[in-house]
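Quick setup: one chain, the form predicted on its own, written in structure tokens, and binding and motion questions come after.
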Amino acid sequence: MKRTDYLVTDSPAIDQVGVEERISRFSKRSIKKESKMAALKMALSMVDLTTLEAKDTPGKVKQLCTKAMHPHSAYSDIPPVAAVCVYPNLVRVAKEALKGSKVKVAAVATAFPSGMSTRKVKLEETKWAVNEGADEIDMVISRGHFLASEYNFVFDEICAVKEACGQAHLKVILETGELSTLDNVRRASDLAMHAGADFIKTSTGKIQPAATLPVTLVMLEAIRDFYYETGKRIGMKPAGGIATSKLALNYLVVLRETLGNDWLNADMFRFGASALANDLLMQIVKEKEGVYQSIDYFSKD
């Protein structure tokens, strides 16, 4: 889409009180016991198992990939996670380790997490990650330009990165903790989708607050409205701060109530997390065996 076809001022104003009231109602919903196991497995299958530290090594990434494919070796019915997310220089390692599996390789790019670089550098990094084998690119928007109301700059940059992705899917990180208001979250969501995002994502995980339920609801409603307008389904990825099964299931309730069953799969919804996987595994084992295993029985990633 050309940016002349889209006006950021078209984004609706957000009623923050109304959003918080809806989240309060959604958070009180309970999942019946017979459905809880299916929900826990679904949440695990939506995880982008992530390591984005300066001390990451090929060995750590290989270990993470093994866990991604086989989260709990004792139970064959526990699904693999959706993807492993790494820095571009470790994409080839992850791609080789995941060979033969359905687990995707996601790479952060565009000067993650700050986005403070030139467009040329951002596009070169994106192309490099894709050439190394990345199936998905997680880019960050230029928040300084967005907050300065330089929306055309942000729109054009997303378009350029989308083109550089080729066949790889593009997740656009809004870094909602720096956007200050729900109105800005909605405006950035609309802009990213019109510019070509395949997914919109809350956060890098490096800024607090990261993902929250109110922010996620606003982004899901933007996705719903975009679908009604264009017929195109856009995915959603809350990331950062989602560490417990209870919270993850709350997100699934909000997702189902807002977008319906068509989004209840790993192609359309992801959790950006690392600690969450272990908590989900603990809950799954508890449902199977009736007792909790110690956290020490699960690898710390």
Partner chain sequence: MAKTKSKKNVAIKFDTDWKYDPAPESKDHIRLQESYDLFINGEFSKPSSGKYFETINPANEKKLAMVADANEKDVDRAVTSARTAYDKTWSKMPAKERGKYIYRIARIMQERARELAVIESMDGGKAIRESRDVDVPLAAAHFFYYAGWADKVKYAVPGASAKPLGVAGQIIPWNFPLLMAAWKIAPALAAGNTVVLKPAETTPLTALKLAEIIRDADLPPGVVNIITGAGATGAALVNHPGIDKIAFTGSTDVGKIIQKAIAGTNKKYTLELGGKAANIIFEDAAIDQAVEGIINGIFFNQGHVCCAGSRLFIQESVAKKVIRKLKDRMETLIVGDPLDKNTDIGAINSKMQLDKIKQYLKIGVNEGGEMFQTSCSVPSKGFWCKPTLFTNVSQSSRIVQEEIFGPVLAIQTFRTVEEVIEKANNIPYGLSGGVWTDKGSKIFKVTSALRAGVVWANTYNKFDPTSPFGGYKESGVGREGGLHGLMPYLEVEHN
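Small disclaimer: the values here were computed from a predicted structure and weren't measured. Residue numbers count along the first chain shown, from 1.
As for the form predicted in complex with its partner chain, it is not shown, yet the points below apply to it.
Engineer: Note which of Met42, Met268, Leu52, Leu247 lies within 4.5 Å of its partner chain in the predicted complex, where distance is taken over heavy atoms; exactly one does.
Structural biologist: By the 4.5 Å criterion, the partner-contacting residue is Met42.
Engineer: The chain here is shown without its partner chain. Which stretch in 57-65, 258-266, 234-242, 272-280 comes within 4.5 angstroms of it in the predicted complex, by heavy atom distance?
Structural biologist: The contacting stretch is 258-266.
Engineer: Would you please decide whether His169 lies within 4.5 angstroms of its partner chain in the predicted complex, comparing each non-hydrogen atom pair?
Structural biologist: No.
Engineer: If you check in the predicted complex, is Glu157 within 4.5 Å of its partner chain, heavy atoms only?
Structural biologist: No, no contact at 4.5 Å.
Engineer: Closest heavy atom of Arg186 to its partner chain in the predicted complex, within 4.5 Å or not?
Structural biologist: So Arg186 counts as contacting its partner chain.
Engineer: Within a 4.5 Å heavy atom cut-off, is Tyr227 in contact with its partner chain in the predicted complex?
Structural biologist: Yes, contact at 4.5 Å.
Engineer: Would you say all of Lys102, Met116 and Val161 touch its partner chain in the predicted complex, counting a heavy atom within 4.5 Å as a touch?
Structural biologist: No, the whole trio is out of contact, none within 4.5 Å by any heavy atom.
Engineer: Across 18-52, which residues bring a heavy atom to within 4.5 Å of its partner chain in the predicted complex?
Structural biologist: Counting only heavy atoms within 4.5 Å of its partner chain in the predicted complex, the contacting residues of 18-52 are Gly18, Val19, Glu21, Arg22, Arg25, Lys28, Arg29, Ser30, Ile31, Lys32, Lys33, Glu34, Ser35, Ala38, Ala39, Met42.
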